[in-house]
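Next up: just one chain, as structure tokens, the form predicted on its own.
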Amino acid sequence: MNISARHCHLTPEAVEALFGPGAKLTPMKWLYQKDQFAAQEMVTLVGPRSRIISNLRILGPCRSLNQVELAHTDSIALGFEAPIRFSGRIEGTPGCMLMGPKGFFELKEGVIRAAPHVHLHPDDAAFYGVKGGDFMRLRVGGPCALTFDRVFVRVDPEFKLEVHLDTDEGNACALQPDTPVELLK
């Protein structure tokens, strides 16, 4: 179980525009999924209301498309109507301006609220009897117990079992490291 704070995924071209020619992302902290990391590099996001989020973390490695993932409260504060989407499905989403120490980069689209999702290895998917694209339920216990009924299933041989919620979703159920959770078909 992991809470995914606001962040962005960038192409190599975006990284160079923001940090200078030849710039590469530098791992600061390795994440749970194989070869994924929080980069030392951060950007400033400018929203439609000219409000900003500074120090927006970039997650690496670079990807083939640019995507910004915000929580609902971030979206409201910045003035975005960011839809709930699965990672990589950015068609028809709002764009934004990113600022780095060496330049600006405009995203024509790519600002989303990430759908609650679970990463599963194929063995885990077989155990639960699900496949990629299915939905599961996540029952969260504790003083603010609730159940998420539409947790999107992602399956890949490189994945380790991990559920991702955003900060608003984690706060809604008062999620703590010792909060009991149960993943259900």
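Please read all numbers here as calculations on a predicted model, not as lab measurements. When you see a residue number, it is the position in the sequence shown, counting from 1.
Heads up, the form predicted in complex with another copy of the chain isn't pictured, but that's what we're talking about next.
*Asks:* Heavy atom within 4.5 Å of another copy of the chain in the model of the complex: which of L31, I52, A145, M28 fits that? Just give me the one.
*Replies:* Contact residue from the list: A145.
*Asks:* Among 57-65, 125-133, 39-47, 146-154, which stretch has residues whose heavy atoms lie within 4.5 Å of another copy of the chain in the model of the complex?
*Replies:* It is the stretch 146-154.
*Asks:* Verify the contact flag for D168: yes if a non-hydrogen atom of it lies within 4.5 Å of a non-hydrogen atom of another copy of the chain in the model of the complex, no if not.
*Replies:* It does: once another copy of the chain is placed as it appears in the model of the complex, D168 has a heavy atom within 4.5 Å of it.
*Asks:* Within a 4.5 Å heavy atom cut-off, is I76 in contact with another copy of the chain in the model of the complex?
*Replies:* Yes, contact at 4.5 Å.
*Asks:* Might E81 be said to contact another copy of the chain in the model of the complex, defining contact as any heavy atom within 4.5 Å?
*Replies:* Judged by the heavy-atom cut-off of 4.5 Å, E81 is in contact with another copy of the chain in the model of the complex.
*Asks:* Within 4.5 Å, heavy atoms only: does L161 come near another copy of the chain in the model of the complex?
*Replies:* Answer no; every heavy atom of L161 is more than 4.5 Å from another copy of the chain in the model of the complex.
*Asks:* From first to last in sequence, which residues of 103-142 have any non-hydrogen atom within 4.5 angstroms of another copy of the chain in the model of the complex?
*Replies:* Contacting residues: R113, R139, G142.
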